[in-house]
Every structure is written in C-alpha cells, then in structure tokens.
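Taking the form predicted on its own, here's one chain by itself in structure tokens.
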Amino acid sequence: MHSTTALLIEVGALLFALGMLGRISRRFGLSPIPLYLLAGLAFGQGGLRPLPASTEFIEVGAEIGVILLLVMLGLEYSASELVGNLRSAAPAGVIDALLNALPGAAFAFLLGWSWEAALVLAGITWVSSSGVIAKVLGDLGRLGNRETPVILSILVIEDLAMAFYLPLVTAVLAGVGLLGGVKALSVAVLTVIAVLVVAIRYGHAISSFISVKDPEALLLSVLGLTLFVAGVAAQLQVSAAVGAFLVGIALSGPVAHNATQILTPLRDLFAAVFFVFFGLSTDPAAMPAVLLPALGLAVLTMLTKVFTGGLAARRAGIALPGQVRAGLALMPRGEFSIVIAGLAVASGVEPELAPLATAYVLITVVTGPLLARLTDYTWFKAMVRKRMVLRRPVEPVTAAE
C-alpha cells in the first residue's frame, strides 16, 4: 500500500509539472522536449531528488511512448507511399549512413578505442531519433509538409537498418563469433521481410476486422495490435519502433483516420514520459569530462545530417526552404543511440563510452528541436529566399531589333 501511494504521488506530481512546463514552452512558441529532458535530469541520477517508487513505471511508459509516436507517424501514410518514398530515398539513405556513421567510428579510433567500440559509436552517431523527430514535426505542424515523407523515408531506412545492425552488434559484443552474428542477422532479415509483406499486401484485410463505430473497441484493438506487433518484433531482435510503424501503415481508410484522433492524447502523455525517462537515466556528474569531445562530435554530425536531409529533399524536387527544414529536422539522436550505448556498457567494451554517448545525445536532442524552428523566423525565411534568388539562373537578354 505504501509503495502504491508513493507511486501515485510521484507520478501525479511529475505529470502535473510536465503539464506546466508544456504550457510555458508553448507560450513562448517552443517545443516542450528540452524542458521534459531537463526535468528528467533534475530528478534522475545525481539530481535534486530521485523518484524510486515510479522508476519502473516511467521506464515502461517510455517504451510505450516511442511505440505510440511511431504508430501515429505510420498512420499518416499508406503502404504504397512508403515503398515509393523508400525507393526514391535509398541513395540518400546510403549517404546518410556514410556521412554520419564514419565520423563516429573515426572518433573512436582517435581516442584509441577498439574496433568494437568504433562499431558501437558509429551506430550512435548514425541514427536519428524517430521519437524526438516525430514529436517535433507534430508540435511544429509539419506532418502535412511536402518534405515530411522524405524525412520519414530516411528515418524508416535507419530504423530498418537498425533491425539488422542491433543483432549484429549484439553478437559481436557477446563474442559469439562470425557464425553467431550471421545467424542473428538472418533472423532479423527474414522477420523484416515478413512484416513488410503482411503490411503491404494484407493491410486492407487487417483494417476490415477493426470496427470504427465503437470508439472503445477501436482504441483497444489498435493499441493492442500495435503493442503486440512491437513486442514480437523486439523479441525477434527487430526494432519495436519498426513493428509499430508498420502497423500504422498497414491500417488504412476510416480506421486510420479515427485511430489517429483517439490515440493522440495517449501519444502526448507517453511521449512526455519517454523524454523524462531519457533524462532520468542520465547522471549529470559523469558528463563534464566528455562534454567538449561530445560537443565537437555533435556539431560535425548535425551538419552532416543537414546535408543528408537537404540532398534527399532536393532529389524529391522540393524547394530550398523544404530542403533546409528536412535537414534541420534530422539532427536529434535519441532512443536507438542510448540502446546501442547500453549494449556496449553491459559488455564492458569502453567505460567512457556511456557518458560520451549521453552527452552527445543530450546536445543533439536539446538543440535539434530548437534549431528546427529556425525556418519559422522571418529573418531566416528572408535569408533562404535571397539564396534562392542567387541560385536562380539568369536568362540572357537579347537586344531588340
């Protein structure tokens, strides 16, 4: 009884405080994500006051938050749109991997770390945070923008790549050898292909089993299906985020429309919990020693993300403002980077990897949403328009006869 009472008090006070922080941030036209992260830091390891009774609850809520963010993002698009965007964004996905993974690996070698640590840091700097970016796009009202499918395509390519990368790096860190790594990778490949086939070919059939007339039944059906598929995907060493996203694209028509309306409040609740948990799991005292290296690595790989997003949007025929928005939106790293760092810490590869990864992710996840708003300011729009005029070819003037 005492533990339940403490849980209610901690969770209630935390959610009320998050509500006030969200109100303050929106009054100043800012995304609440940085404030949620700072709230987590204030009450996490080494913070003002720990939250022992609600830690487990917040951890589970954080996992649900990421899943809901991704299924809601998937509901915005159909399976055919996904396949088309993946085909058009494949070259940008390859460039994204090279430009953002190689700096992490090179940085690890400069520090004198092993090749296993270099493989881990490459993954940390490569993958953008689908959860943070989905929240930012929603907060800024950009889910319907032309560049959003391009951003989504790159995120999906990264998430699908993680479905192969995570089993491989887990096997490498566990020391099971090449054969074990190939076996884990094979299981991941087969699982992703099977889920994609089901989502694309049988999506309408899945939607037909879900009724839109009863809101309660719709909520329970969609939420239960999403959590079940995400759990099965994670059990098979495939990203739970990928599983949730594929559920979103598998649902179509009135089911997708009504599910979006019903799930939105739940997504906002658990997304806030996710960002708080990220801060709670970070010890502020361990970060000062690695702050400058993390800052340098963050600046470099944030610039490469801007280049990646701009290139992908340009290939899709999007104008310069949309190219800039796409690049700035891709800068934050988050949940996958922390998962990868956790695997390395558990295997004891490199003691300094955890604080470096934490500082790096916090820098990108705090500054990324703030920088994403640059395109909404008048002075920045004027600068982009001026650059568009300078890039426009000048037509030759012929003399009048």
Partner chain sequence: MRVRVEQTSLPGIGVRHDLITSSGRTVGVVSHRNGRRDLVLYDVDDPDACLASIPLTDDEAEALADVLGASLMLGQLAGLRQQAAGLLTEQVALPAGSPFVGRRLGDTRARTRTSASIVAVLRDREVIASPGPSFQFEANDVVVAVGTRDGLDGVTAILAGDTGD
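Every value quoted in this text rests on a predicted model; they were computed, and no experiment measured them. Numbering follows the first chain given and starts at 1. In this text, the rigid core denotes the largest set of C-alpha atoms whose superposition between the two forms falls within 1.5 Å.
Just so it is clear, the following notes concern the form predicted in complex with its partner chain, a form of the same protein that is not shown.
Undergrad: Residue-level contact is defined here as any heavy atom of the residue lying within 4.5 Å of its partner chain in the predicted complex; does residue 387 satisfy this criterion?
TA: No - in the predicted complex, heavy atoms of residue 387 and its partner chain never come within 4.5 Å of each other.
Undergrad: Is residue 191 close to its partner chain in the predicted complex, meaning a heavy atom pair under 4.5 Å apart or at it?
TA: Residue 191: no, not in contact with its partner chain in the predicted complex.
Undergrad: How about residue 303 - does it come within 4.5 Å of its partner chain in the predicted complex, if we only consider non-hydrogen atoms?
TA: Answer no; every heavy atom of residue 303 is more than 4.5 Å from its partner chain in the predicted complex.
Undergrad: In the predicted complex, does residue 257 come within 4.5 Å of its partner chain, counting heavy atoms only?
TA: Judged by the heavy-atom cut-off of 4.5 Å, residue 257 is in contact with its partner chain in the predicted complex.
Undergrad: Any chance all of 53, 60 and 282 sit within 4.5 Å of its partner chain in the predicted complex, going by non-hydrogen atoms?
TA: Contact check failed for every one of 53, 60 and 282.
Undergrad: Look at the stretches 285 to 293, 147 to 155, 214 to 222, 106 to 114 and give the one with heavy atoms within 4.5 Å of its partner chain in the predicted complex.
TA: The contacting stretch is 147 to 155.
Undergrad: Looking at 143, 232, 266, 95, which is the one with a non-hydrogen atom within 4.5 Å of its partner chain in the predicted complex?
TA: Among 143, 232, 266, 95, a heavy atom within 4.5 Å of its partner chain in the predicted complex occurs only for 143.
Undergrad: Only one of 318, 185, 160, 119 has a non-hydrogen atom within 4.5 angstroms of its partner chain in the predicted complex; which is it?
TA: None of the others qualify; the residue that does is 318.
Undergrad: Within 4.5 Å of its partner chain in the predicted complex, counting any non-hydrogen atom, which residues from 323 to 341 show up?
TA: Just 325.
Undergrad: Does residue 249 move appreciably between the shown form and the other one, meaning a CA displacement of 2 Å or more on the superposed rigid core?
TA: Yes, because once the rigid core is superposed, the C-alpha of residue 249 moves 2 Å or more between the shown form and the other one.
Undergrad: Taking the cut-off of 3 Å or more as given, in which direction does the distance between the C-alpha atoms of residue 257 and residue 147 change in the predicted complex, closer or farther?
TA: Result: farther.
Undergrad: Relative to what's shown here, the Cα pair residue 252 and residue 336 differs by 3 Å or more in the predicted complex. Does it come closer or drift farther?
TA: Here the pair is farther apart than in the predicted complex; there, closer.
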